[in-house]
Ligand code: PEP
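For reference, the chain that follows is the form predicted on its own, supplied as structure tokens.
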């Protein structure tokens, strides 16, 4: 048995036989054509462009129908790149001026682009290489006649092991046959991860080189919750994971009656369970599962799925759809949180961003670029006329930063008034607590906002100095570290004393093992992934506040994350469901 650690990008557990996909790329030799044959090669390339465009368009339509317009927009962006006149010009020049074959011209041109991205120190740009490689493979399939949909033709259930999967390849996977997948490359913010989560396929990426040690005859466990991959598990491990899968299925059936019940403790304390979403179409599922609202509406996809900046109207249509769908329930819209591990908008030269996690990202990026920030704020304000819409600023670290963001919001209100556009002037304004700086000064911040939301993903990262997307230090990313728990507890106390509402929307909120701890520390609103709502609700309805306070008091005395985790799991297992 061999246990590998990577980056968990799509939750769930998969057990099955391995299928190794050789997708290192096409090996196209350096080949030339006679001068008189150049026009024939150009025509072959043109036909490949048409065929690849049609294939991408079909994928775009399929993904839009299954997962919504924003996932489909990934492939709309691919189509724009493929049909860019500059790309066509460079490939044709390589054929006519250098005498390259169409295949080799495509490899040289697109492979060169991908290499530049891969060599970038900025992980945002490095992840873009996968999109370029996706286009290269599509063109080469049509030029060489290689079958274009081998992954879509699977007829038995397997676990895929690959060097990398591009977004287009991932979109072709059928969840009934692909139980899970593992890749050597990849990151948490890439388009492949987004598509995998949308399809509900457990996935772990960024494992590093391991395929040379795999024969393809192994049994594999993919733990998309913990970022683990187990090759040839022993019987005890297999049995434990099989029980976990069976338990998850049985629990899902048992939880269905809770969908329409409130999250209320045994002693009558009402807990608000809101949902984290990325796409407007998720709102329907949130209502079905009994969400009290949307606690975190991520807006990055409006930027990462296209080459041009989204307009104010693009923003408004996306926000209005959710505001209407939630039927008066609160909708918290977080402004742009791009940078570092996110794909998309690059506002700084990669050479100037040697450490993008500490660079130009989130609210810093928005304040630096009002041409990006203001249209988004206007759209949020316009949507506030349609429901209980609230605005939240990410990664606030200083009071001047918060005040400047609020000034830009106020100016956006004036702009709309001058245009005669209606909006809610008393729109609640909140901030994310994601850094030690924000947590330490929280008693000052809560005087200037309507609510706070604790983002544990970045809070853990910055408190423990651990890059959460780096598999080399993934084991050091400990959500239950005592230092992190103290910052959370202090933030909740300050909010309560100031009469300011507080929520928690990081990964921590979506794991039921932490629910008693969070309630015991005073949290009364959690924003969780939609599919986690029933389980979190079940815990809330099984405990009293006093029991939770006792758990929190004990947890805060422990010395390490492992001790806290062990204690919380023991307490969770004591609950009688």
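Residue numbers count along the first chain shown, from 1. Please read these numbers as outputs of a predicted model, since none were measured by experiment.
The form predicted in complex with this ligand exists for this protein as well; it is not shown, and the discussion that follows is about that form.
Colleague: Out of 217 to 225, 83 to 91, 291 to 299, 495 to 503, where are the residues with a heavy atom within 4.5 Å of this ligand in the model of the complex?
Modeller: Among the candidates, contact is made by 291 to 299.
Colleague: Is there a non-hydrogen atom of residue 434 within 4.5 angstroms of a non-hydrogen atom of this ligand in the model of the complex?
Modeller: Yes.
Colleague: Does any part of residue 337 reach within 4.5 Å of this ligand in the model of the complex? Heavy atoms only, please.
Modeller: Residue 337 belongs to the contact set for this ligand.
Colleague: Would residue 131 count as touching this ligand in the model of the complex under a 4.5 Å heavy atom rule?
Modeller: Looking in the model of the complex, residue contacts with this ligand do not include residue 131, since no heavy atom lies within 4.5 Å.
Colleague: Residue 457 versus this ligand, in the model of the complex: is there a non-hydrogen atom within 4.5 Å?
Modeller: So residue 457 counts as contacting this ligand.
Colleague: Out of 361, 390, 78, 378, which one falls within 4.5 Å of this ligand in the model of the complex, going by heavy atoms?
Modeller: So the residue touching this ligand in the model of the complex, by this definition, is 361.
Colleague: I need to confirm a contact call. Of 468, 142, 329, 424, which residue comes within 4.5 Å of this ligand in the model of the complex, counting heavy atoms only?
Modeller: That would be 468.
Colleague: Going through 37 to 59 from first to last, which residues have a non-hydrogen atom within 4.5 Å of this ligand in the model of the complex?
Modeller: Sequence-ordered list is empty.
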